[in-house]
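Below you will find one chain, with nothing else, as structure tokens; this is the form predicted on its own, and questions on how it binds or moves follow later.
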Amino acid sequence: MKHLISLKDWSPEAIFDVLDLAVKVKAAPEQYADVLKQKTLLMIFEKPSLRTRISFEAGMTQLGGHAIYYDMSTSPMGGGKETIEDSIKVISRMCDLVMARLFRHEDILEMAQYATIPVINALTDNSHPCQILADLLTVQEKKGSLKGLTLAYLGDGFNNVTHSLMYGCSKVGMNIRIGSPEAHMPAVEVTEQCVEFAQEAGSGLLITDDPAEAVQGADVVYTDSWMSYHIPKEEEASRIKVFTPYQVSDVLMEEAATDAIFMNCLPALRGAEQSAGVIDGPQSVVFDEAENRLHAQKAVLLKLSGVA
């Protein structure tokens, strides 16, 4: 567990260890107030952020450590004047951990290859493992356990959140269904890997272009923005047309289990990927989900630092 690059690389036991620690940290934060004293986390940002920056920076402070915000757009690394290899070797000599929120997944892999300190993927175009750990923590809190539950994801199947949800759910024994247009299905490689993980965990994976089939009886209904950070603005109109049938509406939520919860990793646009009635309604747990970024990432920081 030297790095957190993708949940694909973590065992179910490692995932559950972090979730168990997150529960403890959330319940008794004062017990961990000085655990990372004199430790420094470098936070590298190529993509914009709200929850990622706040949760990591607040988390390090609450654990007794320090976080440095580093904007790639004003750095030699971002300007191409210094290689990732050279940069991460320098960073490794001055900091204790590094997290990066990037576009290219290949860049986070290169950082992990040359770093001598733990590297945390805070989002790439391929993967968003920190978000999914917070999501699993939220589902566990609301439902009591994870194994055997069914999560339905509606919307863009070919994105970082979808792929990471597939890895996370299949690893911990949750059934996962993806309801997505034919042209936006998850990557074949990810699907094939997650079928294997699900078989090992005793769960199932369904990919469908029928939103009602995906949501039928689900314990968790999940959606995400139709306009991820890397999607050009000029594609917005065409994407709205394609994804509108997959909006999580009040009517579609009725197809899920009566006690189903609704999740969105935020930011959310009411009237787009979900209706206002759903996201602001009694089944929505989106702000608990957002808060749990803090607790799950504190657990990741502790585990990767080797102190818990």
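In case it trips you up, residue 1 is the first one in the sequence shown, and so on. Small disclaimer: the values here were computed from a predicted structure and weren't measured.
Separately, the form predicted together with ligand NVA exists; it is not shown, and the next lines address it.
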Among 262-270, 25-33, 243-251, 277-285, which stretch sits within 4.5 Å of ligand NVA in the model of the complex, heavy atoms only? 262-270
Mark residue 97 yes when one of its heavy atoms lies within 4.5 Å of a heavy atom of ligand NVA in the model of the complex, and no otherwise. no
Residue-level question: is residue 163 within 4.5 Å of ligand NVA in the model of the complex, judged on heavy atoms? no
Consider residue 159 of the chain shown here, and say whether it contacts ligand NVA in the model of the complex, taking contact as heavy atoms within 4.5 Å. yes
Even though ligand NVA is not shown here, does residue 175 get within 4.5 Å of it in the model of the complex, heavy atoms only? no
Would 123, 224 and 228 all count as contacting ligand NVA in the model of the complex, using a 4.5 Å heavy atom cut-off? yes
Residues in 186-214 close to ligand NVA in the model of the complex, defined by a heavy atom within 4.5 Å, in order: none
